[in-house]
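First comes one chain, alone, set out as structure tokens in the form predicted alone.
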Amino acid sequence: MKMLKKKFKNYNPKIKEECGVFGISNCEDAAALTALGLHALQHRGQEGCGIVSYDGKKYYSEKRFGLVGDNFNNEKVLKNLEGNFAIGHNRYSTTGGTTLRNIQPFFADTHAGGIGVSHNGNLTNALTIRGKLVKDGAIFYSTSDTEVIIQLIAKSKRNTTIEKITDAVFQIQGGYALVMLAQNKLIGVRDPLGIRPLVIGKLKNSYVLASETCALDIIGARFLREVENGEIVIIENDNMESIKPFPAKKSRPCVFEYIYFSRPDSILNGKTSYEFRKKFGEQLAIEDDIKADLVVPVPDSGNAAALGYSQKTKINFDLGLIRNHYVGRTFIEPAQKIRSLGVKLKLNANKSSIKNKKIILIDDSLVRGTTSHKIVKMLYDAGAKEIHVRIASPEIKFPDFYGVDMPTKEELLAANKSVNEICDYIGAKSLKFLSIDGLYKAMGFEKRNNAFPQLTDHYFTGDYPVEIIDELGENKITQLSLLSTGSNS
């Protein structure tokens, strides 16, 4: 879950994943199935994971640093998570150090009873609300904006748990998907524009909530539907109730779920994200006229788009870059000498495929350009004749504040340089981005409706669908430290 921004000294040039949430109700082995669901959502966050379970009387919690498979793959840990109800969370930290207190799900005892919360997204008014709560005497344990939601629920004067949750979500703004456990109720909430994803599945008589459908597949659950924008679903025993307390709005899901975040086999709006990415590549080819010998993807993010581009142009597809899937943070962080190797730790040129070839290099996005520069140089050093870079999304010119880890505007290459200047910077022979209307066409729209945009696409357009209330910039960290202690999550 995204928190407040700080300096990006060691920032990864790729856009980072968000977080993954999962919940299951009224099911034996709830904790084990939650662990499996989180494993399928591991791509959404790798810095920490946690599970909260409920046995009808007591809540149980286990939180760990690192990957799901390293922490919840043994019977001893899962035995500590008793009960037929469980929620889980994969965490990706966007700023500051990782501390156990910021790993979710969060749990609190309130006047209405215990409640656990897993959150994917970011609140654009979290700092403002937090300041008011602290002035009213609230004590914060973490620096996560998820705790703001917990505090609002706890302080609500409404009668029932659902009324308290509804009261809380009316006060928050941003992009969010929440999975909550309140006694024997599993509750899902999606923000009024549906920016962050949340889906519903069913495993026999048990309901499941998850960030993506791939988490349903791994446990054998059947995909029912997406939680609608602005919807609250309440699952108790074998029954599911839906309420829509917000004024009706058209859905505007995050476009980067389609471009990058969601796993290729996850279903979005009736299709897998893989299908959408192939279409982006096809549309990019329609808008292009370059002649070359090979289409080469930047693995793995550019694979589907490159295949679509290749099939549309009839230019051969080949793996000119080979990815090492076994480089982890624990290996690359300690030594500056190793870290300075940069992209070579993860990618290597396939010399036999690219030597003396004119190459169209396809990637899903270009953020700061540092990785693209290194890849282009690597391919030239391996003997490529020409490198023409093609990006299967428009230029990223604006930062995100709804749960995506992205550099500041000053560090976004396309916000500060023209396409020709970017091309020179990365060292390519030519450079082209997918147009904004082309992106929409590839997704089945005629073009972008500027009056009523169909997607949350502020990365490219600067059209932010939810007001940014909190003051932006690095001084937010200083403000936050005045309100509570601990490291940012």
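Predicted model, so just to flag it, every value in this text is computed and none were measured. Numbers for residues come from their place in the sequence shown, where the first is 1.
Missing here is the form predicted in complex with adenosine monophosphate (AMP); even so, the following discussion is about that form.
Adenosine monophosphate (AMP) is not shown here, but in the predicted complex it comes within 4.5 Å of a heavy atom of V367. When adenosine monophosphate (AMP) is considered in the predicted complex, A168 lies well away from it, no heavy atom lying within 4.5 Å. Although the partner is absent here, V389 lies well away from adenosine monophosphate (AMP) in the predicted complex, with no heavy atom inside 4.5 Å.
Taking non-hydrogen atoms only, F72 never approaches adenosine monophosphate (AMP) to within 4.5 angstroms in the predicted complex. The candidate spot formed by Y92, Y260 and T371 lies fully in contact with adenosine monophosphate (AMP) in the predicted complex, as each residue has a heavy atom within 4.5 Å of it. Contact with adenosine monophosphate (AMP), judged by heavy atoms within 4.5 Å in the predicted complex, is confined among 117-125, 400-408, 198-206, 240-248 to 400-408. The contact with adenosine monophosphate (AMP) in the predicted complex, taken as any heavy atom within 4.5 Å, belongs to S301 out of N229, Q173, T161, S301. Residue-level contacts in the predicted complex: of D363, E282, E147, E395, one residue has a heavy atom within 4.5 Å of adenosine monophosphate (AMP), and it is D363.
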